[in-house]
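Below are two forms of the same protein chain, given as structure tokens: structure 1, then structure 2.
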Structure 1
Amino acid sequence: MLDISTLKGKTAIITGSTSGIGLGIAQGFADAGINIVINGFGSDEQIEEAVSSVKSCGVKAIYNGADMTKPEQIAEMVNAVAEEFGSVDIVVNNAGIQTVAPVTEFPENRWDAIIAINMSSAFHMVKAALPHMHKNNWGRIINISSAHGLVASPYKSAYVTAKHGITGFTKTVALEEARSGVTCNAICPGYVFTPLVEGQIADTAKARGLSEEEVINDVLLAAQWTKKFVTVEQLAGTALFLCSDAAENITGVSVPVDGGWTSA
């Protein structure tokens, strides 16, 4: 039987948790009794709804709007959380953006933003959080990578580059922290129907000359052998397992949750 009761009362910062996968993980963690820091952008109502839905599980929850392109805001958030909650136990590096375009037309500012948000922010978060984890000889770092951290697809050069970078960063941090009680792993989802995926359907249709329905069936789910979108609840469950004592000896791995995509 998987015991996650030891996670009760720990504190997790989940970047990009105002929507999609991050919000799903925040809800799963709050259900397990973990205090939550919601981060990301959104309307006042969206942020308020995210905070109150996790609070309804009886945990402490706050919002911090640190911009993942700004290293100083990331460090300030981590230190403010340590002060308010007394520790930073779990970090989920989840914030991410996407642009779909051929390399020859890829906008430079989108390349820079994707590398900053999807890759470099994980480095800044981990650098700021590790000293707090070391105080308790315990920590869990979970990087939300992607099947695109293991294999490529055309027209996603910046995203694939950033996610492959996360795979390497995950392994390196795992080795450096192997004896500190801190594990570092990545989760590599296939397609999850979130606003990020919804938003790229039209662009992919344009880039490939397909209808939006063809993009869903023949592009998004083409490689997903189960022919089912991954759910945020399944990702929250995977993240909780990686935080549990059962996963103490699992570190440096990239766990595909992709309906068989990267096995083919």
Structure 2
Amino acid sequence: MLDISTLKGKTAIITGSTSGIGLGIAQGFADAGINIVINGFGSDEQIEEAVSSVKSCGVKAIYNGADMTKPEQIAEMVNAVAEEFGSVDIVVNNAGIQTVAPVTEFPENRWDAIIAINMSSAFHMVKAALPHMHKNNWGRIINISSAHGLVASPYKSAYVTAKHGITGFTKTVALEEARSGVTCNAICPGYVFTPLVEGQIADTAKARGLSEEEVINDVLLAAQWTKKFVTVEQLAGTALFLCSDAAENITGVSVPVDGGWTSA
């Protein structure tokens, strides 16, 4: 059985955690006794609900609305968390957005935004957090990449570029920090079942004249050989393992959680 008892009382900043994958990881971490900093956009009600759900696990939880496109706000968030909690032990770079269009029609402002949020924000977070991790000779950096950090798909040029960049950044940080007590790894999910995806199934079925089962198997999960969605609980479990003492010598890797997608 995986021992995660040493993680109790540590503090994690999880970007893009007001919903979906980020919130699922936040809840999994909170169950393990890790204090949580929620970050991301959403209504006041959505943010309050996210923080409350984490606090219900008996840990400390706060919200910080730092904009992931603004390096100065990222640095301010990290320093504020270190002051309030006494340390920054774990960073999960999860914030991300998406636009689908061919290169010839891809909006330039969306390219810039995707690169800034999906890739550059991870650099700014890690740069700000590492000095705090060095104080304790311990830290865990987990970058939420994607199957698209390992393989490409058409019409997702900015997203694929950003996620491939995250893969390279993960390796570089891992090598630089190899003797510091800090590890850096990436998780590469396939399609994850979230409320957003659940809504897309019905919309896609209506638009294409397909059954919801056909949309799931023949559209969304076409590349996932298991024909099963990844769950946020599975991603939280993977992240917890990478934070555990058992993963002390695992660094610089990109872990596919994709139902066999990138094995083909």
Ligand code: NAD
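From a predicted model like this one, the values you see are computed outputs, not experimental measurements. What we label the rigid core is the largest C-alpha set whose atoms superpose within 1.5 Å from one form to the other. Residue 1 is the first residue of structure 1, and the numbers go on in sequence order from there.
Trainee: Which number belongs to the form predicted in complex with this ligand, 1 or 2?
Mentor: Answer to the question: structure 1 is the form predicted in complex with this ligand, whereas structure 2 comes from elsewhere.
Trainee: Taking the rigid core as reference, does Ser157 move its C-alpha 2 Å or further between the two structures?
Mentor: For Ser157, whose C-alpha is compared between the two structures after core superposition, the shift is less than 2 Å.
Trainee: Once you overlay the rigid core, does the Cα of Phe193 travel 2 Å or further between the two structures?
Mentor: Comparing the forms between the two structures, which are aligned on their rigid core, Phe193 does shift its C-alpha by 2 Å or more.
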